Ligand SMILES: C[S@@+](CC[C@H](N)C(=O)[O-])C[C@H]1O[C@@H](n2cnc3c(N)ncnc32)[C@H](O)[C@@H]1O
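Single chain ahead, by itself, as structure tokens, in the form predicted alone.
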């Protein structure tokens, strides 16, 4: 698939045995007994000492495997793990903080790269996850990884400064405690939520003098972080699933970029429309606020309702002025020359700081829980 680009990342994939960091996982099944947010699943127990060949095929396929339903936890999709490891640019001897321990799979990968002279600290807010992960990592030969039970937003100052900080959960905001614990020449790799839950551009963030700057470097879809950084997702996933099952107020013909979105989804070429979705999230902000459900793409406005982009047209649930809002955003994107996913420059300020934007600058401000994100077009 091309996710592994260097020998440095290829090596841990040949050494870390994913199945030895699992004792069970959940598979989607409409008849399953475990339900959350409108979806159902079955639990499959797994014995690493006597592995079921069919379950091994699933474990070593390119898929995320949920290991807890509510609250959620999972082992990430291997191709995403590889992409993020490439973006981290780890070196021997580095000190790394990971927020979101999961099964310990990613932490073990990083430990292989930083070697015996490096150190990995991984944090998870769920005590039972920490207990299991600590035990399985030790049994797999990675007992030197520190697995901490705590709210990841606090970081872990005892082991700071960190050359790299990575979160393996979707974050509605950054934590300034991470910034304090980051080495001056280090950087963070954060799946930073833009728009709705599950639309998580990978953002590299670093310190430059007194400024905190960032660039988009990739894309991901993660479960959302719990604890201090968490927000109430809008709309709730279960409510949205229920809404989509109803008859729409009206259905309008597809136009412009939305025709391309439908074709991209059908052809599994998501990269072609992620750039336009990101633009709508940033520029439209909450009018319409973007809540991305990939099949089909969907847009939400707190006061007006929801529009869903389907193969047969644009389905409206609410005020018809939402269609005009979408068309306006689409026209702006076209008028600016279709800005790409990597054409943005980011800066982060505490909420009590007023952003400075020059006259005529193509810049927007995203208000987050603890920070203000200034997003500029290059």
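Since the model is a prediction, treat every value here as computed from it, not as a measurement. Positions refer to the first chain, counted from 1.
The next section is about a form of this same protein that is not shown, the form predicted in complex with the ligand.
Since the chain is shown here on its own, which stretch among 180-188, 304-312, 203-211, 120-128 would lie within 4.5 Å of the ligand in the model of the complex, judged by heavy atoms?
One stretch meets the cut-off, namely 120-128.
Would residue 195 show up as a contact with the ligand in the model of the complex if we use heavy atoms at 4.5 Å?
No - in the model of the complex, heavy atoms of residue 195 and the ligand never come within 4.5 Å of each other.
Though only this chain appears here, would residue 150 touch the ligand in the model of the complex if you measure heavy atom gaps against 4.5 Å?
Residue 150 belongs to the contact set for the ligand.
So in the model of the complex, does any heavy atom of residue 297 sit within 4.5 Å of the ligand?
No, residue 297 stays farther than 4.5 Å from the ligand in the model of the complex.
So, residue 76 and the ligand: in the model of the complex, are they within 4.5 Å at any heavy atom pair?
The answer is yes: residue 76 has a heavy atom within 4.5 Å of the ligand.
Quick check on this chain: which one of 105, 162, 142, 279 has a heavy atom within 4.5 Å of the ligand in the model of the complex?
None of the other options qualify; the answer is 105.
Looking at 82, 225, 90, 174, which is the one with a non-hydrogen atom within 4.5 Å of the ligand in the model of the complex?
Exactly one residue meets the criterion: 225.
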